[in-house]
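Here we start with a single chain on its own, the form predicted on its own, put down as structure tokens.
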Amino acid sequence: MKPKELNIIYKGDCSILLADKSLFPDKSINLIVTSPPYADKRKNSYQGVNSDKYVEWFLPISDQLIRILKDNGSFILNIKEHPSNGERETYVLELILEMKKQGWFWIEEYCWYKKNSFPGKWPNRFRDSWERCLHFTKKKDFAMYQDAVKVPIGDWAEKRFKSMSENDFIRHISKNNTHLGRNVSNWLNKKKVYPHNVLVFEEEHRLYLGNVVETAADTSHKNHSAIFPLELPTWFIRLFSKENDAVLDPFLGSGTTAVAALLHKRKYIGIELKTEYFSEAQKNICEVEKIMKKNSNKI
């Protein structure tokens, strides 16, 4: 079954709206990408959830998400526990364990390296420059399009391939007896390779639409207390969905996930509680739609 509507934003509390089966039927969404309010954060924007109550607050939401996600779908949860009283909170780790009890498979943890992290000085730690992007699925066999996120092999290849040895043409086992092996010749003539699980975006806020480079979609980064770059949902959308798939963000904010889905020919559904952000998301999506229409008319 399909959701009642696609390419739409609902205003309201996602814990209530997600439970409406007329809006979100079982197994109707291909990909969920979201970043909920972190514990004790965004109190001026949202109600704020205490870290001791965070798991209890989120589990009813994740219970609805597992219901509406397709069997081969993926759920990407961008979240990071913060320090309190001199040590890291544990609510994210507790949430992972409880979600596994709900039936989720915790497949992977991607590390998003944040170039714009706040500088500062702390007595027992350094600048916090990364966040978790947790990958959950309903089954171990899920849709994944790895070729869509391949990266250039890098300058190292040309130099390395000029000095090939006999061991580079076989699966050579390392001398330290770790049983790890590699055949370097497998990389010969390759221009692109699979990326690692640390996400570093070199050109944030720039979108590639065919041969057109657009910067106007930076509008999705305005007027929100906690935004992620457009490249973050874009990367996961390319990796875990295909054209015309339905992508949901139940904490849409200023519309970044919807914009990314729209630009890559996916269908989006968003939910946003706060009126200001709901209006901002609508505005950002409309501006991007105008840009895309203008570009299509040029072709």
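In this text, residue numbers run from 1 along the sequence as written. Nothing here was measured: the structure is a model prediction, and the numbers come from that model.
One more form of this protein should be noted, the form predicted together with another copy of the chain, which is absent from this view; the next part is about it.
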Revision key, fill the gap. Which of 268 to 276, 232 to 240, 55 to 63, 31 to 39 lies within 4.5 Å of another copy of the chain in the model of the complex, heavy atoms considered? The stretch 232 to 240
**Study point:** another copy of the chain contact at N72 in the model of the complex, heavy atom, 4.5 Å
**Key:** no
**Study point:** is_contact(R127, another copy of the chain) in the model of the complex, heavy atom dist at most 4.5 Å
**Key:** yes
Review point. Should K140 be classed as touching another copy of the chain in the model of the complex when contacts are defined as heavy atoms within 4.5 Å?
Key: yes
**Study point:** another copy of the chain contact at K115 in the model of the complex, heavy atom, 4.5 Å
**Key:** yes
Practice item. Give, in sequence order, every residue of 72 to 109 that has a heavy atom within 4.5 Å of another copy of the chain in the model of the complex, or say none if there are no such residues. Key: K80, E81, N85, G86, E87, R88, E89, T90, L93, E94, I96, L97, K100, W104, F105, W106, I107, E108, E109
